[in-house]
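What follows is a single chain, given as structure tokens, in the form predicted alone.
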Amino acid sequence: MKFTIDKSNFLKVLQRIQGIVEKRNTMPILANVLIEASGGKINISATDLEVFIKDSSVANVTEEGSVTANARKLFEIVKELPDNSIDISRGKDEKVTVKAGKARFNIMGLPSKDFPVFPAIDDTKLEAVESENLKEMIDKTSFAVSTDETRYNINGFLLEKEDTRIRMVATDGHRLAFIEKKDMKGVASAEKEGVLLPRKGVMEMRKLLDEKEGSFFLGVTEKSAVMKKDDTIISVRLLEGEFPDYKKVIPKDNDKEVLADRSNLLHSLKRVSILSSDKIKGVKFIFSNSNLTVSSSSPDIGEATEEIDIEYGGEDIEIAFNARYFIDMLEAVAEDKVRIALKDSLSPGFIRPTGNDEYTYIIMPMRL
């Protein structure tokens, strides 16, 4: 295998696959990137066996073939090379040679036949997707996904369709983020009504959605979700298991409604939480007539109190929440005001941005 490629083109595809390369090195081949050269271009693939990505770039291929090399080291080398063309070749014993100007690197590779096979993609299952809507759904739920690997059924997103409505739901057991879109193109073709998408795969798709130009295509089958844009393909293996019945935790009788300025509440919580316990970020909320007092204290650090003007005329309520959970939600929405619905000091709070009934956030109270 031998080809010459422009540095900027090569760097772009190598950078794109870095987030997927397996870091724990359970299998040496998963730390590598597969490079296949033929027909005037190169294909580059990477996987951790859960997420697969393939991209391509034009190249001057003088000898067709394939090889694998350490993805991170190859990226770091190419990044530091001067801005001109780069010569790549495979030598004996799967050794990969990288040359640019007077610089020369030899990287030990592994046989390309040992690299996992990229899943077959059925283009007929892919539909154009509204990228801005999908970005919004991910951005307003991703922070609520559980990072506890023992709870694999909530280590990702529930993507659910019902009639013409598409929902994305995420929870970590302490909070729940829920967004629903009507008549959203490109997702309604899913073969199953509800699928579990792993967090890592969805976040790689989200990176791709940041690219403004071009059309995005999405397909969901019984075993995988696939996103395609131009020459880039991301295939994600679906999670197995049952997502919790989220509809049961959405409060139905929270009759005490508070209207608060989103920006004021956000910055107040950021300030007050500085003196809360680093682990639990507990902040006390006291709702009274037209006033909210937020406070935190830590025996080792100190205490903080701040008052905020709100629209509320009900009985006083004292409740504690994890400030980080509140901040995550307030940073994810753009509306000027949020509506907080409460029942009592022991029941979950229900939060929505005003004028937007698509998005719902549930947060469990704490004991301080």
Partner chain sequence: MHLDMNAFFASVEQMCNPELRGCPIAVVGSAKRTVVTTASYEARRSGVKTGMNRYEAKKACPSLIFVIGDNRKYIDTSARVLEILKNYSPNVEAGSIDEAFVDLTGCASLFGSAEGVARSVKEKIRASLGLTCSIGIAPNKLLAKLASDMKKPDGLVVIKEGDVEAVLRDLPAGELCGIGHKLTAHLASLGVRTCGELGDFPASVLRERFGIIGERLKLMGRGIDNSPVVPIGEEEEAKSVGHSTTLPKDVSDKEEIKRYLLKLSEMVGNRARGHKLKGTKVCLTLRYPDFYTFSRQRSLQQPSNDTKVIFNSVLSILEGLRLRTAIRLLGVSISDMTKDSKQMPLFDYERRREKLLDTLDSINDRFGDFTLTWATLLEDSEPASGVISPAWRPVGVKRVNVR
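Since the structure is predicted, the reported quantities are computational estimates derived from the model, not experimental observations. Positions refer to the first chain, counted from 1.
What follows is about the form predicted in complex with its partner chain, which we do not show.
Between 168-176, 199-207, 93-101, 125-133, the stretch whose residues reach within 4.5 angstroms of its partner chain in the model of the complex through a non-hydrogen atom is 168-176. Using a 4.5 angstroms limit between non-hydrogen atoms, T164 is distant from its partner chain in the model of the complex.
Its partner chain is not shown here, but in the model of the complex it comes within 4.5 Å of a heavy atom of R151. When contacts are judged by a 4.5 Å heavy atom cut-off, S215 does not count as touching its partner chain in the model of the complex. Contact annotation: S290 falls outside 4.5 Å of its partner chain in the model of the complex, judged by heavy atom distances. Scanning I121, L259, V249, M108 against its partner chain in the model of the complex with a 4.5 Å heavy atom cut-off leaves one residue, V249.
Exactly one listed residue, out of G241, G194, P116, P244, brings a non-hydrogen atom to within 4.5 Å of its partner chain in the model of the complex: P244.
Residues of 332-358 that come within 4.5 Å of its partner chain in the model of the complex, judged by any heavy atom, are S345, L346, P348 in sequence order.
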